[in-house]
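Okay, so here's just one chain, in structure tokens, the form predicted alone.
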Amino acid sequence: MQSLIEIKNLKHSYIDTDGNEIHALNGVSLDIYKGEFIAVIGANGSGKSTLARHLNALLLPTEGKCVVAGMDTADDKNLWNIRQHVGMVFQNPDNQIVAAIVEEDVAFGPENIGVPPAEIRTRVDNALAAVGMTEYAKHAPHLLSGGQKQRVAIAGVLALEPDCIVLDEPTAMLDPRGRIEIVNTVKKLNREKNITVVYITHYMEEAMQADRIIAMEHGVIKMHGRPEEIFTKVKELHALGLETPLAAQAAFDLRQKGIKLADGIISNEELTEELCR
């Protein structure tokens, strides 16, 4: 597989309000491949959001390297090219929506990078269609639900035609229905458009949808692997201050009681099938 982002011994330090030096990232090495869907999990303060902000040069390394599509994020001349390759979606869509009409908001990014008007129209239409928001093109964003606003924010990033979208806890402010909307939208973009997704979350059910999971603690990667590899390590996840999906926890508890179950159970469907057998 082709690496889109290469992170080598990445360290990030800053001084907090009390004058203490904080080591937010402490030697992270990671390759992110084109078309991959990665979920990054960790307790508060684990470094996952700091890592996310390095992927499109919102933060720069204290030590080590972050290379995006062959471009070093520490080189100033690469900044705008990197941000066209990697788009960011944050927790609060209200902080990303800048226009009074949905389609105008989606057009904002392409206009700023000098895309011709006819091409902007095509990009806006395609981006809204991709996130299922075409019928809301003429609506005012402030009248939309939280999940719809977040889909508009994602469309705004899509209109820039990035190779990768980094979503930093995009469902943290949404209700369960809104969370499902966003996860389904992201999965569709990854599968149908081959967009690389880096998804920061503290919801384990959302992380289960990824191809690969990175679990962080104190600025280092503690575990990485496929969902069925990570979420069956119940004790290790608890030690990181993380919950496990309900089915994985139930399967673990049943095994502790002496009941024999197949390995790798993490979903409700897998647990139901195994119990019925």
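Heads up: residue numbers just count along the shown sequence, starting at 1. Owing to the predicted nature of the structure, the values given are computational and were not obtained by experimental measurement.
Just so you know, the form predicted together with a small molecule exists too; it's not on screen, but the next bit is about it.
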| property | result |
| --- | --- |
| In the predicted complex, segment of 239-247, 47-55, 221-229, 65-73 with a heavy atom within 4.5 Å of the small molecule | 47-55 |
| Every residue of Tyr14, Glu169 and His202 near the small molecule in the predicted complex, heavy atom within 4.5 Å | yes |
| Touches the small molecule in the predicted complex: Ala24 (any heavy atom, 4.5 Å) | yes |
